[in-house]
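What follows is a single chain, given as structure tokens, in the form predicted on its own.
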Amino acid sequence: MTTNTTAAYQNSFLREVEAHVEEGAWVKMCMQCGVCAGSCPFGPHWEHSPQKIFMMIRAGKREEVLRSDSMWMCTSCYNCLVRCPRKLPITHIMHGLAHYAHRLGLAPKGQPTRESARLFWNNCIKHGRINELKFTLALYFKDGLAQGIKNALAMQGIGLAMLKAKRLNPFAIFGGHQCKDKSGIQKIVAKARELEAKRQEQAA
């Protein structure tokens, strides 16, 4: 007879992650050593560290995982991946979980790094590459004009230093860095989304 403990472990959420999340099949390989949490620069600030997220997936805590802001804390430093004894692709899994939660509409709203990622991605698609000035302005003013001005004033020292070092082009607002074939980039992204949607349908 199957016990409740065994039934909880053999849950559908683990299979869902394996099917729909990038590198999700690696989740069950985590041995809960905690090296990832200890290696992460944001370690003390995680709601749930990576190994805890993996444990929660295996325990079937779907809503708690997908609504967490933990995956959005990852900055892709790859410390966890380099130091993991089993070489789990932790960074890829965390980003995959974040993307999956976003696709399902379960990702936490107003999470700063999620909003930054969304603005960065939209900027890249529109221009073919990142336009630093437009991205910065979108990030500063995402919460309104007044807050945007406060953000800009707080960062003016860094902005001036970037201008002096020729790392910021004040005229980029009128064009700046763009790909010659922006429509081509947008077609590639659209095709990638189409292929991903088909893959998800087949996996369902």
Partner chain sequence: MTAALEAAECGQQVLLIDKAPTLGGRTAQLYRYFPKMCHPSCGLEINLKRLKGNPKLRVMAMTELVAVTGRRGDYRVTLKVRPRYVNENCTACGKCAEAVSSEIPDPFNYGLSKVKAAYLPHLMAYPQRYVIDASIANTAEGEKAKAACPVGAVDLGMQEETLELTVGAIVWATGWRPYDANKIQPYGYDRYQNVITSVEFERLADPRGPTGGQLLRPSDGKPAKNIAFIQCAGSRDENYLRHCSRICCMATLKQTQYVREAGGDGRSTVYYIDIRAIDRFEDFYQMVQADATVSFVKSKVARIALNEVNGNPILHGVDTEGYHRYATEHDLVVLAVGMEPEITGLLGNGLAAAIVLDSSNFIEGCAGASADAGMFAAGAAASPLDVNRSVQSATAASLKAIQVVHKTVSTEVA
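Residue numbers count along the first chain shown, from 1. Because the structure is a prediction, the values reported are computed rather than measured.
One more form of this protein should be noted, the form predicted in complex with its partner chain, which is absent from this view; the next part is about it.
A.B. asks: Verify the contact flag for M31: yes if a non-hydrogen atom of it lies within 4.5 Å of a non-hydrogen atom of its partner chain in the predicted complex, no if not.
C.D. replies: Contact with its partner chain, yes.
A.B. asks: Is the gap between S68 and its partner chain in the predicted complex 4.5 Å or less for some heavy atom pair?
C.D. replies: Looking in the predicted complex, residue contacts with its partner chain do not include S68, since no heavy atom lies within 4.5 Å.
A.B. asks: Contact with its partner chain in the predicted complex for A152, defined as at least one heavy atom pair within 4.5 Å: yes or no?
C.D. replies: No, A152 is distant from the partner.
A.B. asks: Looking at the partner-bound form in the predicted complex, is F141 within 4.5 Å of its partner chain by any heavy atom?
C.D. replies: Residue-level check for F141: no, no contact with its partner chain.
A.B. asks: Which residues from 71-98 come close to its partner chain in the predicted complex, meaning a heavy atom within 4.5 Å?
C.D. replies: V82, R83, C84, P85, R86, K87 sit within 4.5 Å of the partner.
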